[in-house]
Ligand SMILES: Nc1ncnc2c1ncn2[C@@H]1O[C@H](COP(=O)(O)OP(=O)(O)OP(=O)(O)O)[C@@H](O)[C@H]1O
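One chain follows as structure tokens, the form predicted alone.
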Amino acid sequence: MTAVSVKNVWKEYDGRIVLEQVSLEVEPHSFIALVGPSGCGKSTFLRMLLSAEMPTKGDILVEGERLPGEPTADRGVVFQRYSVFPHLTVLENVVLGKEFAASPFLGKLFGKAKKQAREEAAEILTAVGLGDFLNLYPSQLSGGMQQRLAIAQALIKRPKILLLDEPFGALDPGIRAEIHVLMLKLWRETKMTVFMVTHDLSEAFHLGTRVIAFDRPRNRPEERERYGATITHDLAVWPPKYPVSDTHIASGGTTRLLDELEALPGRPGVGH
């Protein structure tokens, strides 16, 4: 399990301040939902956690160590647009992550190593509900299934931190609810620390153990280039843990699990 520490982080582009004075301590196995209006730096913050961008000043530490200057296998990412390769099968899409990790120049594994990678990929695909679709191509999958595939791609490297950039926004409500159940199950089983950007407040409170809001305290036109967004609210979600077992998921099914999660005290719209 992984702790993250953000210390007085600023981000500036060409003299325009996007984020300022962002400080945050994240306990291991947290599920952090990041919310706020468009353009307030949520995705920029996520990219800095990935090392796709670096802070202009300040530090981001993982387990007390400063983040490296480029993305590494211990941080997985899932975007809203499905990051899948259309010319590869479902299984090949997931195996590819293992191949590039083991052989970055050839992007290929052979013999026993390839067999082990395929077995591991099949295991993860089964965990996300795609075990019966290993030989299909992404074009043969529904949107929800493609997003499950993107999640499997991120999980194949066994990341300690999972970064989600509005990953469920394009899904219809029914499929989205199913993916929510899947994410809670995977988060609980893998003990990952998760950061998720979302514009949906109900989704943020449903999935997150903590909801963090970014906004610009100074938002007049003449202030927008001189002042950036920062953390304006930091809310712990009650209950702090989800008391749902794997056997409960298997026996109760998606609909029952969703009903019971919604009925827990502290959920939005629940009058407890």
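The shown structure was predicted, so the numbers you read here are calculated from the model rather than taken from an experiment. Start at 1 with the first residue shown and count on from there.
Note that the form predicted together with the ligand isn't included here; everything after this is about it.
Stretch 42-50 is the answer when you ask which of 42-50, 201-209, 63-71, 23-31 has residues with heavy atoms within 4.5 Å of the ligand in the predicted bound form.
By the criterion of a heavy atom within 4.5 Å, Glu166 is counted among the residues contacting the ligand in the predicted bound form. Under a 4.5 angstroms non-hydrogen atom cutoff, the ligand in the predicted bound form lacks Pro217 among its neighbouring residues. In the predicted bound form, Val9 stays away from the ligand, with no heavy atom inside 4.5 Å. In the predicted bound form, no heavy atom of Pro239 sits within 4.5 Å of the ligand. Contact with the ligand in the predicted bound form, defined as a heavy atom within 4.5 Å, is made by all three of Tyr13, Val18 and Pro37.
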